[in-house]
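One chain is shown next in structure tokens, namely the form predicted on its own.
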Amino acid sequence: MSQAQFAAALLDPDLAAPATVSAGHRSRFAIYRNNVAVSLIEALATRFPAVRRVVGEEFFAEAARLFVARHPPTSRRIAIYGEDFADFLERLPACAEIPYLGDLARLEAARTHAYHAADAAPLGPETLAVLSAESLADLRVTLHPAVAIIVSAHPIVTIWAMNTGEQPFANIDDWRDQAALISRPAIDVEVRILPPGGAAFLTALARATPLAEAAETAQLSAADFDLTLNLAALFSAGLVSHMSMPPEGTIR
């Protein structure tokens, strides 16, 4: 029996114990298998608390059990187990009536990555004071390692906040798309709603696009994109860890 087959039997209680496990040790194997599954389900519950709150404990436990059986860990870091959980939930027929669930899981997964991202000292708003208006057009920035953007057709930041105690439960009367900004400029992971065009702006900057071109991209995605607002937020929120200018004569 291969290691893959043994791992599958270890994670899926519906599979028989491997033939290499003697009859006298199969009860121990069953106990060990149960402990492994419980540990992985608990890891998912810890990483995706808002998803668990939305669907309820019983539903989450069953969905997590199915996920564990089909998706063995690929890393020793149990804290990041569940990288494919969002896609799994979107494919699960029972979740079809909760169309935002996958994006909600992506937001929570991004929070984990932000928490474990490398530390970097963010540049403050005063950094802009040394730049001329002309040089801003060619400015390129490196976003903080913890920054992530999740774009959704649903109000996922509001849903996340209401299901984690960040804000009280209430009817979402203005059900519209939201782009989530996840960052960790200091110790705590922060989740914010990006303003119109903000996701396109930051995504372009993350590709080392000059600021003027990134602003044009954002303007195309949202007619009411406000460069001044987004530029101020870029530095006041601690999203930039480095910035640079192209060498003299470089063609953009």
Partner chain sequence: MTTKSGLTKATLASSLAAAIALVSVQAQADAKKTEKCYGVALKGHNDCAAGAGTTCAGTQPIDYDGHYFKLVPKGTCTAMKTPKGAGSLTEKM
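In this text, all values refer to a predicted model and were calculated from it rather than measured experimentally. Positions refer to the first chain, counted from 1.
Beyond the structure shown, there is the form predicted together with its partner chain, which is absent from this document and is the topic of what follows.
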query	finding
Its partner chain contact in the model of the complex: residue 231, any heavy atom under 4.5 Å	yes
Its partner chain contact in the model of the complex: residue 244, any heavy atom under 4.5 Å	no
Its partner chain contact in the model of the complex: residue 171, any heavy atom under 4.5 Å	no
Distance check, residue 44 to its partner chain in the model of the complex, heavy atom within 4.5 Å	no
Its partner chain in the model of the complex: contacted by all of 157, 164 and 208, heavy atom 4.5 Å	no
Interface stretch in the model of the complex with its partner chain - options 147-155, 91-99, 74-82, 129-137, non-hydrogen atom within 4.5 Å	129-137
Its partner chain in the model of the complex - contacting residues of 212-233, heavy atom within 4.5 Å	212, 213, 215, 216, 219, 227, 228, 229, 231, 232
